[in-house]
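As a starting point, one isolated chain is supplied in structure tokens, in the form predicted on its own.
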């Protein structure tokens, strides 16, 4: 039997396990990269492990999220990250060099490689034919310290693309929005999407990266395209042709499922507030007024996308009612559009040019006004992520967004009567790596610099055999990590200061949560009740780390998003699932729960008795922890577990 692309890459990196869906497998990792919003804590955790230099072939530390320097906190973190990279053997991408996923695709990603990133959109690199997975920072730190990466083997789903996109008005963004329309934000949980079919040949590497980037919104583990001649030409244009290798699925490869998308029939699509899967044809929203348009981010800021937008804006003006923000994805893209005149066309049309950074996508500037409609080419439109919970954020392709900016309202872009040029992929990119700092060969003299906002990593005690705690919050479906730990310019600078950032846990849902949790901590801590898909969205481990600091002992839900479940385990919080989903309705906020015989319940069928002391009702919850996950929770989290393993290894060596 032949192999699909996922099986080929997994088998060539397999440390242990059997590549059957549902089995735990260990993978060797070629690259780990971090970004500053999550990277500060990752490198603090790596330092705490006393592991010396990084043990993976390639590590890169990026700065792209916390770029606003309104006080000393963000620049202090940047200095820490640069000195930590120099000390521990990582490349460092300076502020202004670009968004981690875009730069990594340009300069580091390789077909056939495995990579981890401390950002949920790490699968962007799957457009290169690479298995790239978003993880929490502590997972990344332990892999950099020399551990294999353990994952429950996902099922592999083929997305078969036929036909060709009707450019310029239908784009790669519309392909992934179509998948979200069909499958929803829960449709990819436990799956890897592998793209194939004749339609793949019509897509450039950067267009493929748009699709794999937003695979994260499906809840997928990752997404991957073949490495073919288009991949080779992209790497050749980046002066990295030696990194190319062909990776395609065998003709007789098998898949758990298959999805067909006819690109000929695809139409321009828009995701409505407040979820990426609330997708409708753009024409259904015709006439809806637009106040703000944001073009760029890690999803849609390639050179081709920027040139296409500039060609439409050339000689036109942004509507009076619209504010247009554009953030090119990398220094490479920014410099190229500056040299070819595209930047001048954008500025002349009325665009406000932003840094090559995440910017408005993560709530770092560019917030819409209250009640305003913002159309963005980004990947998420969760309520409040833009910096204003009272705004209405839509997602669309770059060309659609540009047309909306000029017209001041939404419409089917095919009916706008506005032409745009379809640019072929460049035969040569501008290569200038002056903002990438290479690792030092002699790091002994490097001193890691920590500003006053950088605090020690908190560590949880080993789990007790009984938890008795109050339900501090009961929540509904699809709670995001933005809901748990908000982003934005007020919160993100505290990423390396857990005591301070803990004040913002669930702040946009219940601004009394943190104070109530601190009071409950001395009385046994707290429990959170969730419904379906708890913890979807970003990989931010602070959504588990800060609740752990506040004394949260367990989260009970109908189901969990993959990365957040891992992060809860990594910080010693017990994630349990209602055996009977209807039992969710039996527990109320304020009830005191008792979970007893925890260590015994880890064994066998992993059934946990949860007694509600307010109504004398007992419900059964379950888990599916593997042996390593049991050990991690029992130890109080991955940092304690990893430190214990390292100590045992040192004893064996002596």
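Worth saying up front: this structure is predicted, and the values here are computed from it rather than measured. Numbering follows the first chain given and starts at 1.
Quick note: we don't show the form predicted in complex with a small molecule, though the next part is all about it.
- In the predicted bound form, the small molecule stays beyond 4.5 Å of every heavy atom belonging to residue 34.
- Residue contact check for residue 362: one or more of its heavy atoms lie within 4.5 Å of the small molecule in the predicted bound form.
- Interface membership of residue 119, defined by any non-hydrogen atom within 4.5 Å of the small molecule in the predicted bound form, is confirmed.
- For residue 538, a non-hydrogen atom is located within 4.5 Å of the small molecule in the predicted bound form, even though that partner is not displayed.
- This chain is displayed without the small molecule, yet in the predicted bound form the stretch 35-43 from 52-60, 619-627, 596-604, 35-43 comes within 4.5 Å of it by heavy atoms.
- With the partner omitted from this view, the residue of 376, 495, 208, 564 that lies near the small molecule in the predicted bound form is 495 [heavy atom within 4.5 Å].
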